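Below you will find one chain, with nothing else, as structure tokens; this is the form predicted alone, and questions on how it binds or moves follow later.
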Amino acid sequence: MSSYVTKKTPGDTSWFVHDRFGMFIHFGLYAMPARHEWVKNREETPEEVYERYFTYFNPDLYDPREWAKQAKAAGMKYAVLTTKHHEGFCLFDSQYTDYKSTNTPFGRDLVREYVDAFRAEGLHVGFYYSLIDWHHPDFPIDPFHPRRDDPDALEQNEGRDVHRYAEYMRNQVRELLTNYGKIDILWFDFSYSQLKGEGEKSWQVGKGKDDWEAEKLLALARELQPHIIIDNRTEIDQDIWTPEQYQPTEWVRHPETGELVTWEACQTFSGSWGYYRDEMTWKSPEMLLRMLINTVALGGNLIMNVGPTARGYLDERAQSALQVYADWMKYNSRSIYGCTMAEPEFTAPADCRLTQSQDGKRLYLHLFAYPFLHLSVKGLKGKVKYAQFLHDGSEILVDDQVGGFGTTQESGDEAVFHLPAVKPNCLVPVIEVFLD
């Protein structure tokens, strides 16, 4: 069994750390301007101007069954959908606002259809719910708010009550966790209590757990769905830590206690979460696979994001990225599911990453750069019962001799894997090692 012990969590993360790979879906009105999901913030768009997206919102090609099939084919085991992002627009039929998908030309509850579609494919279902709301009249203006630079921002802020807003959030979370059956993950986003305005804007302050009334919010979620997994972005530790848009280089630890934590790297295929028509920093196939492998090799999960178009489908760039995972995971998912960081007695060679099954019986060598004929792995001498390429199950011969043509010598504590001269037709080949 794996020797790594993580900080105890309120929810049951056992399925989560087994499945390892999920799909994030950022969808909202911001798909229409197609200039980043923070477009309302970045361009300081007035409410009456942003209203045109609400007026014309009609993702007529929305088919979450197709999304779910693509997620499943890519090897993803769970999904998280933005039920409400920072713009405040709700993809569900909430009784607490008129700013919702059922009041647009589209006229449907997108969340309902998403839940049904992803459940039908056997995937765990999660909800993202923004703690921020730039549309709600009680959400105080702060340094992130689109109205922050208005000459009369202070006057606009008068009478806003964050505690009335906190009650609004609880009401909506109650709807989400009551009306859609079992929900596996709840992703709140995000706290920024350390943020302060400067000079004439010193009255603009960030928000944190006290503003969200986070203890009440979390207690409500736990009461309604005791099994649920919740992220830590309310400013109160919960189940999962969520490093965003960077790849940790070691297992994430609790900043105060130093304990290993359950963590999930959240990443995008490009540089944006929402659909961004002209954004071109899309990740290469090699990088996509390395991010997944590196994450699991450090004991974490990876959730990769798609931003559907305003018509409601995944564009060809997103589909191509998903296909990279589909092609590789079809044959190599055993090195991801039910795996974690390898025990410290095993040392990864250069340009390799190790994962190990949580029962300790199998070790996986991921070859980022294909070696010439031999691969030596420290800590494995005398411990290999059998080895094979994972993608086709073909045997890899293993002994403790390194070299050839008169230079053969006994290795130290290394096992030597004898490889074919030509790299297999696989972006990242994997050697599966059955341990003694």
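Start at 1 and count along the sequence shown; that's the residue number. No experiment lies behind these values; they were computed from the predicted model shown.
The following text describes the form predicted in complex with ligand GLC, which does not appear among the structures shown.
Review point. How about Y370: is it within 4.5 Å of ligand GLC in the model of the complex, going by heavy atoms?
Key: Y370 lies outside the contact set for ligand GLC.
Check your understanding: Even though ligand GLC is not shown here, does F24 get within 4.5 Å of it in the model of the complex, heavy atoms only?
Key -> Contact with ligand GLC, yes.
Practice item. Give a yes or no for V324: in the model of the complex, does one of its heavy atoms lie within 4.5 Å of a heavy atom belonging to ligand GLC? Key: No, no contact at 4.5 Å.
Practice item. Indicate whether C266 is a 4.5 Å heavy atom neighbour of ligand GLC in the model of the complex. Key: Yes - in the model of the complex, heavy atoms of C266 and ligand GLC come within 4.5 Å of each other.
Review point. Of these, K207, R353, H86, H145, which has a heavy atom no more than 4.5 Å from ligand GLC in the model of the complex?
Key: Only one option qualifies, and that one is H86.
Point to revise | One residue of E121, E279, D189, E213 in contact with ligand GLC, assessed in the model of the complex (non-hydrogen atom, 4.5 angstroms) | key: Partner contact (heavy atom, 4.5 Å) among the options: D189.
Point to revise | Complete contact of Y129, Y180 and E223 with ligand GLC in the model of the complex (any heavy atom, 4.5 Å) | key: So, no: the whole triplet misses ligand GLC.
Exercise for review: Specify the contacting stretch among 393 to 401, 37 to 45, 380 to 388, 56 to 64, defined as having any heavy atom within 4.5 Å of ligand GLC in the model of the complex.
Suggested key: Flagged stretch: 37 to 45.
Exercise for review: Let me know which residues along 232 to 263 have a heavy atom within 4.5 Å of ligand GLC in the model of the complex, or say none if there are none.
Suggested key: Counting only heavy atoms within 4.5 Å of ligand GLC in the model of the complex, the contacting residues of 232 to 263 are R233, E244.
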